[in-house]
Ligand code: AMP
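Form predicted alone, single chain, as structure tokens, below.
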């Protein structure tokens, strides 16, 4: 039996996923949006490239037939989640997906996401049911996984209404989206994003890296004086433009691992077959050293792109460079060799 081919959509973290598959001796198939082929050709990591008009093309019979003919395992990332149509992905997508395809709608739907974190017993910021409840700093979020698009901070119901109008006028929020926002207490602290891998084959939770995000304009606003900020009337938002590596204080690692294990346990109860492979708990560490998890991602996150040759944490686990992309490929390869590929795919 031939080893599986690793297939991925060309965006987000595709380069490290393709490289990791090549490092593990697996064939690679890139599903590339038209116009981006030249970018991926530069790196020569795809054994085969198939051009498509949109992300939704993976649901077309022709693409699914091709993936099945190639014996492909499809590796999902954030572009897939932000595109929606997750019910179609669950029910109509025939090829094997690495990980748990049923957890993606829990990531996309902020109410389901909040439920999973709370039932896991993980400390989370307070959820507000209506903007009328805002009586201090609160962060307002749109649904989906679109890199912080349209996020903003409001301190009162009046402030919320004014900022919604301003962002809608600027085109950062579409009309009607304000009815679907999710509002959370805003915790003052440092954002930390630990990258986990739950290995079904090894039966262990691995910490593969950690990052923090550079978000505009909330980070860039610090380059403008307070006086000018007030005069310009800027409403900062949280669109992610890049990631920076972060090494946590060693004393925090026990809490990080505890929360990761709680998440794995809750996912197994609520979203069978549970967590498989990479995930991220998106946290804030306050001045007392308490960790609050405000979101999760049930798949590889873009912050792992920092560590294509491994991170300080993966170096402690492996005696060779180990990116998240390579860790995924190694799990797929091991499951295939053991004849249990169904344990790491859905």
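Positions refer to the first chain, counted from 1. Everything numeric here is computed off the predicted structure, so don't read it as measured data.
Quick note: we don't show the form predicted together with the named molecule, though the next part is all about it.
For the named molecule, considered in the predicted complex: do all three of 207, 248 and 314 come within 4.5 Å of it, counting heavy atoms only?
None of them does, since no heavy atom lies within 4.5 Å of the partner.
Given the stretches 316-324, 60-68, 47-55, 293-301, which is the single one in contact with the named molecule in the predicted complex, using a heavy atom cutoff of 4.5 Å?
Result for this chain: 293-301.
So, in the predicted complex, is residue 107 in contact with the named molecule at a 4.5 angstroms heavy atom limit?
The answer is no: residue 107 has no heavy atom within 4.5 Å of the named molecule.
Touches the named molecule in the predicted complex: residue 96 (any heavy atom, 4.5 Å)
No, no contact at 4.5 Å.
Can residue 131 be called a contact residue for the named molecule in the predicted complex at 4.5 Å between heavy atoms?
No, residue 131 sits far enough from the named molecule in the predicted complex that none of its heavy atoms falls within 4.5 Å.
Quick one: does residue 102 come within 4.5 Å of the named molecule in the predicted complex, counting heavy atoms only?
Residue 102: no contact with the named molecule in the predicted complex.
Within 4.5 Å, heavy atoms only, which of 74, 263, 151, 198 is in contact with the named molecule in the predicted complex?
It is 151 that has a heavy atom within 4.5 Å of the partner.
Of 120, 139, 81, 271, which one comes within 4.5 Å of the named molecule in the predicted complex, counting heavy atoms only?
Contact residue from the list: 139.
For 200-230: residues with a non-hydrogen atom within 4.5 angstroms of the named molecule in the predicted complex?
Result: 213, 215.
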